[in-house]
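Quick heads-up: it's one chain on its own, the form predicted alone, in structure tokens.
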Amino acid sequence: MSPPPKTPTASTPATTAPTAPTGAGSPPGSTTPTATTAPPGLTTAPPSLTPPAPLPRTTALPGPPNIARSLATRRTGAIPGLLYRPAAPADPVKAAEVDRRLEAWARALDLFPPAWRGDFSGFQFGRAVVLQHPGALDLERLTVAGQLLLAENLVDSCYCEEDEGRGGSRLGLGGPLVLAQSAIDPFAGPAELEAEWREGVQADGPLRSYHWSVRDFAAFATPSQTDRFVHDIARLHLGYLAEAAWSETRYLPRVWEYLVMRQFNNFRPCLSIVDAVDGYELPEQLYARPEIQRITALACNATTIVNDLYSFTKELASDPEHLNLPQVVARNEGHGLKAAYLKSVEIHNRVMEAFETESAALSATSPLVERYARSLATWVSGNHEWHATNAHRYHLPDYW
């Protein structure tokens, strides 16, 4: 395969994330801990291994639900009652440069038609990765993180999401997804069939986006980090298939079943790359340990429930039967949507508390583990900030 035009290399390295000011990202009157700053280099000793301060908790106020008014007023900001750590502010110049590079990359690969460019700018890919990776080693790695994020969203939109009108279908989804997996987990066979496979990958936009984004990632990641990402994409595809199967059969999962599915259909591939983007590696023998896998899963699950909560009104408007955590809680437990939504916030908070507690305990065992746990935590914080402030995509129900 001939490579696409090269993305311009960074002329200056990314700066260390600034410290968040007191009160940033939290409601008036709350106390905000200071954000942790990523170490500037691989050999720099991490800060003291003290347990993190308590997370800010906003106060939920009672009030009648009114989805129609919420859709009209488009209330944004942090969800009242949600536990989160404020993110380091995103450098708008850096975010704009990442967006410029991403759009040039997508245009060179002809990944989507001009009509979709409004969605590209509204998603704020550059701002997302700058918020999620404040300790990124350089701008090139931030750009590749954006390429991977764009590719994952393109596959989801074009293959899985029926209501987005881009050809997605839950029926027979396994076929497209196994071909998508092959774009990053190469087919091995007779030379003439490999040639046909390569042509097939390059003939489809979502497949091209997977293939070239992972090629660019592998240029700076270790083989172990690349293989980790490939396997986590397979987990993501398994989650897509479970959700599609339940939709086809109109199966209502129990709350624990739904959350199991979301542990696969979640942001894990994005968190798989935190050490590579920050310029170090958590070795496989450490990464594979059950306790490391558990804090990774907790971080991923917290961010995924955040997505369910912030996308709730958008999904309710486009597909009132779309499965998300509040809907599953409501239908299983006989709650109204407001009570189910507030219970879902509490489920998130318990997951977030477990991540904070367990990652703090593990951080005391090793400076490298502490650095990895901090990379996870900053991704979780940045992802929450992106959801809470992306008014193009998300707004809150009128439940407070």
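One rule holds for the numbers: they count along the sequence shown, beginning at 1. Every value quoted in this text rests on a predicted model; they were computed, and no experiment measured them.
Not on display, but discussed next: the form predicted in complex with another copy of the chain.
Residues placing heavy atoms within 4.5 Å of another copy of the chain in the predicted complex fall in a single listed stretch, namely 189-197, out of 189-197, 132-140, 208-216, 149-157. Among residues of the shown chain, residue 104 is not one whose heavy atoms approach another copy of the chain to within 4.5 Å in the predicted complex.
In the predicted complex, at least one heavy atom of residue 246 sits within 4.5 Å of a heavy atom of another copy of the chain.
Using a 4.5 angstroms limit between non-hydrogen atoms, residue 112 is distant from another copy of the chain in the predicted complex. Shown alone here, residue 322 lies farther than 4.5 Å from another copy of the chain in the predicted complex, counting heavy atoms only.
For the candidate set 316, 234, 292, 271, a heavy atom within 4.5 Å of another copy of the chain in the predicted complex is found for exactly one residue, namely 234. Interface residue among 78, 330, 95, 242 relative to another copy of the chain in the predicted complex, by the heavy atom within 4.5 Å criterion: 242. Taking a 4.5 Å heavy atom cutoff to another copy of the chain in the predicted complex, the contacting residues in 294-330 are 294, 297, 298, 301.
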